[in-house]
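Shown here is one chain on its own, the form predicted alone, set out as structure tokens.
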Amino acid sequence: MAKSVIPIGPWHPLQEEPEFFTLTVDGETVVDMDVSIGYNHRGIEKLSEMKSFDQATFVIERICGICSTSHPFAYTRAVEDVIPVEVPDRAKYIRTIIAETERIHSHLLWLGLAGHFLGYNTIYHWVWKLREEILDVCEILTGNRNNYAIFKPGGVRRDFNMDDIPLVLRKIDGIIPTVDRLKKAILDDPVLHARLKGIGILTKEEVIDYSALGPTARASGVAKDVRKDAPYGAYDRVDWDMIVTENGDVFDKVVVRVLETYESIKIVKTCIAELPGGEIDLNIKDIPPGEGIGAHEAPRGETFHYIRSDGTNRPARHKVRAPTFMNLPTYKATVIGETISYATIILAAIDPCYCCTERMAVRDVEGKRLFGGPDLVKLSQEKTARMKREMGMP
């Protein structure tokens, strides 16, 4: 039987953002995969270098709406590493609470979408209703449901209103019975077992070879988590467990995220109970010349930021590496040998975020000219016109 090529993307119902995957299939079986990136030209790193260190935090939040704390967490740690300084204890706890609240809503968002992709819309509606409660918690604590605008180099911008804490705890406690019901529905459902177990297996050796991160790695038996490996914030001050499973299939990636939700709830409640008093901000005025790095365990894995300062009030260089950049290549290891019907859920299992991954600035071949959005549109139009002429089209 002749091999065929099946495109997924750049625009596809499964993908919230554009990315282009080419599957080569023999009958129903995937025998090869290739990916083309570069459909999001936002130039976040360049924009950051045009802002002050404080202003850049707001730009960094917009790398990803779901990870709008993860990137500022890593960025501010990188800036603080340049100086270097330790932020106040209360700020560490506030940062940790917001980060884990975000992890809960991110995992729930992924779980709901996974149910939708599988045709299990009961889970989709349950989970997204539940996620609204967590977004309410984010709004109560920070004033915003996403893009919380609370991180800054040296601490946090706003303190919690302690009068709101009882409501926050009631909402967090209120989601636990539904999470219990979801866990039972997922772990005991024979249809989900049939659809997800033994599918898209990523072995422990492949995790190491690809340097995979986050739940993608932990579902394959690799105990890798920045919160444990290089503790920061309040993660070494509260009791919580790293969730690790062994099978490496799509089902285990679901299990890891469900069980991590419980751990995040535990971290948030403990941090609130043990929230210390004191200052929340060092009020940093100047950043000396130097280099710094910062990492945070985002819901998808380690987010890494590099900052170079030349002594002015803005970054001389800002480099971002998002977890999807590391996890996306594992799709080649997991989809080959599977049938077409499983291809999209195997891709979704890494919880890909393409806007996190792609922040490129486009230059000409000699690196002398920087292209903006209008330039790229013009280049695209010129290429389309040229192709029409070559094909003899009007």
Partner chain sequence: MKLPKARELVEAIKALIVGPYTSKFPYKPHVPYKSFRGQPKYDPDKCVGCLACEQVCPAEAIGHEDITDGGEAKRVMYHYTDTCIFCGTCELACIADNEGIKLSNDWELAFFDRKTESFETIDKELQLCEICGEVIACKDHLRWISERIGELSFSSPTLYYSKLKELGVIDENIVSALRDSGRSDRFKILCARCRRETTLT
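Keep in mind the model is a prediction, meaning the values are calculated, not measured. Numbering follows the first chain given and starts at 1.
Not pictured, yet referred to below: the form predicted together with its partner chain.
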Would you say all of Lys183, Lys197 and Thr245 touch its partner chain in the predicted complex, counting a heavy atom within 4.5 Å as a touch? no
Ok, Glu279, Asp189, Glu263, Glu133: which has a heavy atom sitting within 4.5 Å of its partner chain in the predicted complex? Glu133
In the predicted complex, the one of Tyr93, Phe251, Tyr148, Trp110 near its partner chain [non-hydrogen atom within 4.5 angstroms]: Tyr148
Heavy atoms, 4.5 Å, its partner chain in the predicted complex: which of 237-245, 164-172, 271-279, 254-262 makes the cut? Say which one. 164-172
Residue-level question: is Glu139 within 4.5 Å of its partner chain in the predicted complex, judged on heavy atoms? yes
Even though its partner chain is not shown here, does Arg158 get within 4.5 Å of it in the predicted complex, heavy atoms only? yes
Would Lys129 show up as a contact with its partner chain in the predicted complex if we use heavy atoms at 4.5 Å? yes
Would Phe58 count as a contact of its partner chain in the predicted complex, using a 4.5 angstroms cut-off between non-hydrogen atoms? yes
Does any residue in 310-329 get within 4.5 Å of its partner chain in the predicted complex, counting heavy atoms only, and if so which ones? none
